[in-house]
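Below sits a lone chain in structure tokens, taken as the form predicted on its own.
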């Protein structure tokens, strides 16, 4: 998108208040959605809740194909459709809703660096395990990804997706990694996050930012998603403050206070 187009979208976004009918789309929760998409969707949901912006979650079997970028999740707000956390953060900021306005330039740069770390390590590890680990691909990823479709389309779409992800892994230098090396990368990422968090409730002290939403989305999803091995979750559990962090956000933003 050109700078002029981005500016126009920002102006359009700012002109309209956040509607009660805002909708977030993701694949079918029980039968279809995979770890990486579930994590990305939860991160956006956490971010919007932290901003106090209501959104209805709608599960569609063809959500990936409805998305303007082909990425999950995406939101439909008024006449705007925006996908992925980064653009959604910019979209809400144009409407006057931002979690990071209180940060100075150094803190903002640090926040972006840690978000890159999460996307480059945790998200990539999730994709690798889903599609490059043969056992996980055969037992979980291909059956779930193809579940809404009948044979032979189900097989074609699942193997096409696996091929696309494996091609991406080769392009970024992950294709030759072993599963143990991927787990070690996750451990290093979690240790870095744990060290940055320390004893604070959030990464930048008392108020959450989009970094907190992103980290929560990935860590909580890994901890609560069934895989062929528990090793990925065990790497996170070695950092007790990250577990407390996930529980804090779950209690603050996702548990029903009225019950």
Partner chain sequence: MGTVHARSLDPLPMRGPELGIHPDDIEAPEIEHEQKQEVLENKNVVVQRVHIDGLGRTKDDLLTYEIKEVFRAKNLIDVMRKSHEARQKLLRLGIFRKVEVVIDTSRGDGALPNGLDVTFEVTELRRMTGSYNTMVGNNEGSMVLGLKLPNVLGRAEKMNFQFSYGTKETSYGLSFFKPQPGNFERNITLNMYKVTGQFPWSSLRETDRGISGEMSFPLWKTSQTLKWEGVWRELGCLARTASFAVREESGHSLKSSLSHSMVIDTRNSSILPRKGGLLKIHQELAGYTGGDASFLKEDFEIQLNKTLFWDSVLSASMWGGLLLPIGDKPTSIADRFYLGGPTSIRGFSMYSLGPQSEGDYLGGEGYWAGGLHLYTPLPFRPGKGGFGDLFRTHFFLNAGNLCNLNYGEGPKAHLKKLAECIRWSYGVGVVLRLGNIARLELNYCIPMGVQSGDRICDGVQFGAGIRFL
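All values derive from a computational prediction rather than experimental measurement. Numbering follows the first chain given and starts at 1.
Only in words, not in the display: the form predicted together with the partner chain, which the text now covers.
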Q. So in the model of the complex, does any heavy atom of residue 152 sit within 4.5 Å of the partner chain?
A. yes
Q.
If we define contact as a non-hydrogen atom of the residue within 4.5 angstroms of the partner, is residue 57 a contact of the partner chain in the model of the complex?
A. no
Q. Is residue 62 close to the partner chain in the model of the complex, meaning a heavy atom pair under 4.5 Å apart or at it?
A. yes
Q) Could you tell me if residue 67 has a non-hydrogen atom within 4.5 Å of the partner chain in the model of the complex? A) yes
Q: Decide if the three candidate residues 25, 76 and 81 all line the partner chain in the model of the complex, where lining means a heavy atom within 4.5 Å.
A: yes
Q. From the list 118, 111, 165, 157, which entry has a heavy atom within 4.5 Å of the partner chain in the model of the complex?
A. 157
Q: Go through 91-99, 68-76, 168-176, 129-137 and give me the stretch that gets within 4.5 Å of the partner chain in the model of the complex, heavy atoms only.
A: 68-76
